[in-house]
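Consider the single chain below, provided in structure tokens and representing the form predicted on its own.
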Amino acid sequence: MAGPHTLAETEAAVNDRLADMDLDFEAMAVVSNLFRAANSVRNHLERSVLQPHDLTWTAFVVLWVVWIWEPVETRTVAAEGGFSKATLSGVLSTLEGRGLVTRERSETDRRLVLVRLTKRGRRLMGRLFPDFNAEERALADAIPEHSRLQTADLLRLICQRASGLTSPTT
């Protein structure tokens, strides 16, 4: 529960308030619960795994993207992480100051900036990610094991639909 009302109380109040409107309440429940779940998971992982390493969610996402794709251009890190280049610049400055990443100009195109993990950054991700994944497993245990792959597939479909829609009428 994030606020003073339980999820059931909120859903009942929404149904009462909007009962006279022609709405797709099932679609609303899917999207609103997806939003709630994403925020709950993010908050839990920040508190349980990232905070002891003095990392925000955004900093972790930057480290993750760089860890997987390095060397990687800053524009790719921003796109993969879903945040602005301005946000990325501030986070990279912090991570660089902590000795976790480096930035360098591309040798082939001096306009581009490449990001790499330092040895310290790689060690941190090597230690941190197993703990992160253990929490992912604990959270996923709420879904029966036989339904997890299907759940992941359904969430992918929503992500694909959201990235493909350009207007409310599309």
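The numbering used is simple: start at 1 and walk along the sequence shown. On a predicted model such as this, the values are computed, not experimentally measured, just so you know.
Below, we turn to the form predicted together with the DNA, even though it does not appear here.
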property	result
The DNA contact at D109 in the model of the complex, heavy atom, 4.5 Å	yes
Partner proximity in the model of the complex: T58 to the DNA, non-hydrogen atom cutoff 4.5 Å	yes
4.5 Å heavy atom contact, A79 and the DNA in the model of the complex	no
Distance check, Q51 to the DNA in the model of the complex, heavy atom within 4.5 Å	yes
Heavy atom distance at most 4.5 Å to the DNA in the model of the complex, all of E11, R17 and N33	no
Answer range among 126-134, 141-149, 23-31, 109-117 for contact with the DNA, defined in the model of the complex as heavy atoms within 4.5 Å	109-117
Residues within 4.5 Å of the DNA in the model of the complex, restricted to 118-155 and counted by heavy atom	none
